[in-house]
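We begin with a single chain expressed as structure tokens, specifically the form predicted on its own.
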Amino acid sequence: MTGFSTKAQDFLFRQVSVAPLVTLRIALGVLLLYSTLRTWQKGWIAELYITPTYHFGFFSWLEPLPGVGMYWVFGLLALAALGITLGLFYRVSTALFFALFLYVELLDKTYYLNHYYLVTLLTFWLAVVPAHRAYSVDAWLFPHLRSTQCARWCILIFQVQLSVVYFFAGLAKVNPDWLLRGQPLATWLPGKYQLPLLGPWLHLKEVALLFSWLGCLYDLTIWLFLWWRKSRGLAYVAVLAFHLLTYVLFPRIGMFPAIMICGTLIFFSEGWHQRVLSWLPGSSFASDGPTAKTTPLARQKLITYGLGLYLAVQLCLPLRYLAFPGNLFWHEQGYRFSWRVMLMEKNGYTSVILRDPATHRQHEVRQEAYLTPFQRQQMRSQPDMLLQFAQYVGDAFAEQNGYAPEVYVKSRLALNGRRSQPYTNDTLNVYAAAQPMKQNWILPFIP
């Protein structure tokens, strides 16, 4: 074991060019700045975080800042993204962006997207690695920071992370709905009939199946071709084609295609990145700098074990759904943070019924009085959000009347183009239930 640890340390801490890190820092910095300013310009700060009266927070104690507080948050995010791009007060800028972005991400499950999770992970590692040693304002202001080198693990961690994303996205597509029924693409693609060239073909079931199989094969293999030097160029052409097509077909996917197009540049060789960076002004910042200092042995061991633990978590987290019986797309336990992208379509209705045990009167909760249309749309098929809302309206009733109500959820949903079927056990008082998910509150899925 000691020999293996020593070999791992020798591999991870070998000095390589810092150029790939610098390219990644600049590319992601520009994307993060654009995305933040776009959120402000589109009016989404108010729409998503200020106007709603209720938020499905990942933690009950975490809430949006009052007043103009959220505008300050996004203003600081923009400044931090600019600092990342320029390499200005880089450590502070990157750590600030990571902390504020994580805060915003955890405010409401309604807006969860895989690429938000990916941005959180990437900015965490950007805050750790020395991507400001070259082509940065910091390297100009503080010459002692300048270096053309970094430890190999600083680049490997991003390559491995992106490989994990692709692999588990592909593995998730190995299911009957995706490969045998072409769902949910067969439901979504006909609505894109207005697209030039592709539009007239998108109503065909064969096209949905073809896209499904190609998408699965792409995700399962593209990361392997990116690692292999001989196939890297063609693989990156495939990256461009796949993500641009995805954006054209599904523009609501947001910044994910751009993040993957920029992120996968990290796989290219040191020489390639050095040639790209040589086009930028201030290229002399990266030259004639001292070599990076050798990492102390004790710290090498700590970093090696830390990287191993992180990788273990990233490999296990997407598989935690195996601990829950039933159809994952139906009960959604273990669905988030597992790189499952665009795999299901649920349609139907969900009612929340509040019953007064003292008067025996009951009424359907007016969800629109508490939630935005998008919150209602997301909540109707996500059990943990339904439970949060049931708890919220139940607590409000109890506070007003001095005793607990009964709260029931009545829902009927259709999964991936099937006929609708009952989703919840509407006889279970979820407000009083200790563990609704273990009390068969979500009814079994009937294929």
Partner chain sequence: MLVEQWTGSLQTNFVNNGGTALGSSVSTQLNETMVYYEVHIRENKVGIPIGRLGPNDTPIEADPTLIEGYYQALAEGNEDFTLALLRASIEEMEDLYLGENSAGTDAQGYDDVLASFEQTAVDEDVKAQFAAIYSLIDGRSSISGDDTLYQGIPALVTLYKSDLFSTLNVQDADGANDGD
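Since we're looking at a predicted model, the values are computed, not measured. Positions refer to the first chain, counted from 1.
A second form of this protein, the form predicted together with its partner chain, is not displayed here; the remarks below concern that form.
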property	result
Stretch from 308-316, 269-277, 115-123, 84-92 whose residues place a heavy atom within 4.5 Å of its partner chain in the model of the complex	115-123
Any non-hydrogen atom of Met255 within 4.5 angstroms of its partner chain in the model of the complex	yes
Contact test in the model of the complex: Gly348 vs its partner chain, heavy atoms, 4.5 Å	yes
Trp228: touches its partner chain in the model of the complex, heavy atom cutoff 4.5 angstroms	no
Residue contact check: Arg361 to its partner chain in the model of the complex, 4.5 Å heavy atom	yes
Option touching its partner chain, based on a heavy atom within 4.5 Å in the model of the complex, out of Tyr236, Phe324, Phe374, Phe242	Phe374
Residue (of Ala172, Met342, Leu96, Ala139) lying close to its partner chain in the model of the complex, criterion heavy atoms within 4.5 Å	Met342
Those residues of 32-61 which, in the model of the complex, come within 4.5 Å of its partner chain by heavy atom	Arg38, Trp44, Glu47, Leu48
